[in-house]
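Single chain ahead, written as structure tokens, the form predicted alone.
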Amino acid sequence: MRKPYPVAVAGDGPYIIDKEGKRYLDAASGAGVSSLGYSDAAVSAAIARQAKELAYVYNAYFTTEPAEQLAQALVEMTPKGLDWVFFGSGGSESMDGALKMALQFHIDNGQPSRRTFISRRQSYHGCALGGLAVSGNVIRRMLFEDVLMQVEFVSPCYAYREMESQETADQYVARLAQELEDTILRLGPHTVAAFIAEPVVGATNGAVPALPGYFKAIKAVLDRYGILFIADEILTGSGRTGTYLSIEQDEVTPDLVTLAKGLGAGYQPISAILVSDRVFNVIADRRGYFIHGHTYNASATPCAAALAVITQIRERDLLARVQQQGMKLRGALQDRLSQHPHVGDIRGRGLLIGLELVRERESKQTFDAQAMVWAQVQQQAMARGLICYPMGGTADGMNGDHILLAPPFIIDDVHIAEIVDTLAVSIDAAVANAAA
């Protein structure tokens, strides 16, 4: 709270410029938000046009063309069956809305006893009380445990640390699916409302993608017991991993999906819940309305901005670019750091990449948590004009360090080289300081 911050005054592509004229290459897109960088003229123009014509109306009285067009675009960009959209203003808001929608679905479906949520350790789903309750982020939960609703937690799909040495990938996936089923049976299937997961775990765990077949196995268990699947795509969605929804690459379709961050690409605050026909039809046919709402739901100007972002993604074929540049960035990191004595794992999907830092590679021993190596990497990188997104608690909630990279979709090969070179030097400097 007493830390001085540089004052940002301008943006230029993937760079932020402070009032002293220093340029920072943002390899984190803020918090995985600014997917088009900081100076997209087409999006800015769309915002200006909408603000001049009609900035805002209350969604209880009117819909608007930008809201309807954006909803249609999202339906077209996402898997069949996710045919309805409920807009919000931020990821935490939409996650809490999704939890309420899951509960209302079961109540309206004649199963009011389904009130329990199952989530995963080492996860993050928002800072409002509902999203925080279903988050497995120890550090962010710890002050508020006494007021959070009770949630059951199962193991994440975290092969680097939690797959046993004698297990195959298929056996590990089967073990995790069995753990989920055992948990459901212990609780009583009639009491469980939904399972929540990030397709690629973000800031808490450092860009950990599920192993192939994991979500298919999980979805099969959920379907067996009539439990909803909520996919948290607040960070991973909107093209960040090379498909509009990351879960597409896992070949399953959730019942509810939350989107934010890259949906508006930082140009306006906006989020969304994508709703399956199954959920929508029960609520629409039984009660007729969703008992939920915020003042800025489906606000015209943010919807116009997000529609312009999707237009840019489509017209510039940016999903393919994310796949291409993601492979290049990950390859460059592997070439430079895969044998680094303090880089234990390099992983991710598309332009969401994590590097797990360790004191010793072979044993995967973590640094002392008090050293806060992750924070030192951030400081060293900022001093050199690079923004990254490190966090602590990677391994078990309290110990471990990682660096998250989520650069804008528009980065070119020169930017990739700058990211890798600066990050490598920053890691060395941070480790040296920790050892001093």
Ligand SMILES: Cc1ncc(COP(=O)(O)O)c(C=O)c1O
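Just so it is clear, the structure is predicted and the values come from calculations on it, not from any experiment. Residue positions are given as counts along the sequence shown, with the first one as 1.
Same protein, other form: the form predicted in complex with this ligand, not shown, and the subject of what follows.
Among heavy atoms of Gly354, none comes within 4.5 Å of this ligand in the predicted complex. Under a 4.5 angstroms non-hydrogen atom cutoff, this ligand in the predicted complex has Ser92 among its neighbouring residues.
At the 4.5 Å threshold, heavy atoms of Phe195 stay clear of this ligand in the predicted complex, well away from it. Among residues of the shown chain, Gly126 is one whose heavy atoms approach this ligand to within 4.5 Å in the predicted complex.
With the partner removed from view, the residue among Ala305, Leu235, Ala207, Leu256 that has a non-hydrogen atom within 4.5 Å of this ligand in the predicted complex turns out to be Leu235. Of the candidate stretches 281-289, 74-82, 227-235, 315-323, only 227-235 has residues with heavy atoms within 4.5 Å of this ligand in the predicted complex.
The single residue of 260-289 lying near this ligand in the predicted complex is Lys261, the criterion being any heavy atom within 4.5 Å.
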